[in-house]
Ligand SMILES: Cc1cc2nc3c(=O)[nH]c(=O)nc-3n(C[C@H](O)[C@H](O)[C@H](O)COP(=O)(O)OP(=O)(O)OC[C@H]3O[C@@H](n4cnc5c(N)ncnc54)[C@H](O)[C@@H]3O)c2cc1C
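So this first bit is one chain, no partners, the form predicted on its own, shown in structure tokens.
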């Protein structure tokens, strides 16, 4: 299945494409899923000299990895839960580990782009904005914490009076500018890494949906036309698969994330609304997020649909928020609109574990997947190479499960999110 119609697909770098698996082959590691988790893990393993085969049901980056907002930030929606659960393995070092985790993915991605020459419109600079005094206090706390950890050169608290120097909007009462955070063309980053896997001798297959995992001392993944027998298997399908549900059912639920991209702005308008080319998101629990693309469009996302169903008219749903944020853009044409499924975990900690001794899984980024997927790819690769110490930090976390199917589970989460949306409106 081809990529959905989106800004990312329309502006993707030309790639010849990847073959379909049509034979029975062997590898050290077989990976199921061609998004950031699978592709980044494949690259980590290929760099370490292992033979790796990746099978993607559709095209590389077809799912959330090629549909998200393109923002790489130090935000972790489950940071407090992480600190609590990581103490089970790390003790008093848990808080510092979580802080370092916030920025680890930035370094991995930045170095990888440079190493392989991946053209993905990488830009630096991000603003988290506050609409309420409570949100502003949280930003001040993050700023203070960052300064204690040596990030004072990267961070600036921005007052309400100074906001217009960064964004042409009256919505916000302040913000936290972060120069370490980044934004980029997500699909091109994913495709570039897949090409790097093949350049190192790894095999990447598209249109090769895995229909079955056969367990054993040498497990096998089977597709309609071929198979891979491997020493170890990694399941990296996130919200887009239903494999191994005996183990994974009730752990992760899909949420629809909506995005759109306007027609190109003039240089004058682009400079007026966002003169420093920042990625932005606000401080609400159910937030809006936006940035300028390389060709001066506004990519605007928000209104997460936690029911697990795709939005029916993304542009109609998001336009009011765009025009409320930037009145200058009232009536602007929307050239692209799309949605994609993210994997939501109840406690917001990514789920990492094993099924038996040689089938591994990583899933559930709850809206913060670009950086976290690359971090966990590095951690998982080390585990597959024989060092499970960091993998165990995540594997030892306790997770809640809902003893219901995906549809009902998503509806239950949607009810809970309605509360947070209502709370955001009351606080505003």
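Positions refer to the first chain, counted from 1. Treat the numbers as computed from the prediction; the structure is a model and nothing was measured.
What follows is about the form predicted in complex with the named molecule, which we do not show.
For the named molecule in the model of the complex, the listed stretch (96 to 104, 171 to 179, 68 to 76, 82 to 90) containing residues with heavy atoms inside 4.5 Å is 68 to 76. Annotated contacts: 208, 238 and 289 all touch the named molecule in the model of the complex [non-hydrogen atom within 4.5 angstroms]. Among residues of the shown chain, residue 62 is one whose heavy atoms approach the named molecule to within 4.5 Å in the model of the complex. In the model of the complex, the named molecule sits beyond 4.5 Å of every heavy atom of residue 392. For the chain shown alone, residue 384 is not a contact residue for the named molecule in the model of the complex, no non-hydrogen atom being within 4.5 angstroms. In the model of the complex, none of the heavy atoms of residue 27 sits within 4.5 Å of a heavy atom of the named molecule.
For the residues 370, 359, 45, 397, the 4.5 Å heavy atom test against the named molecule in the model of the complex is passed only by 370. The single contact residue among 257, 265, 352, 130, judged by any heavy atom lying within 4.5 Å of the named molecule in the model of the complex, is 257.
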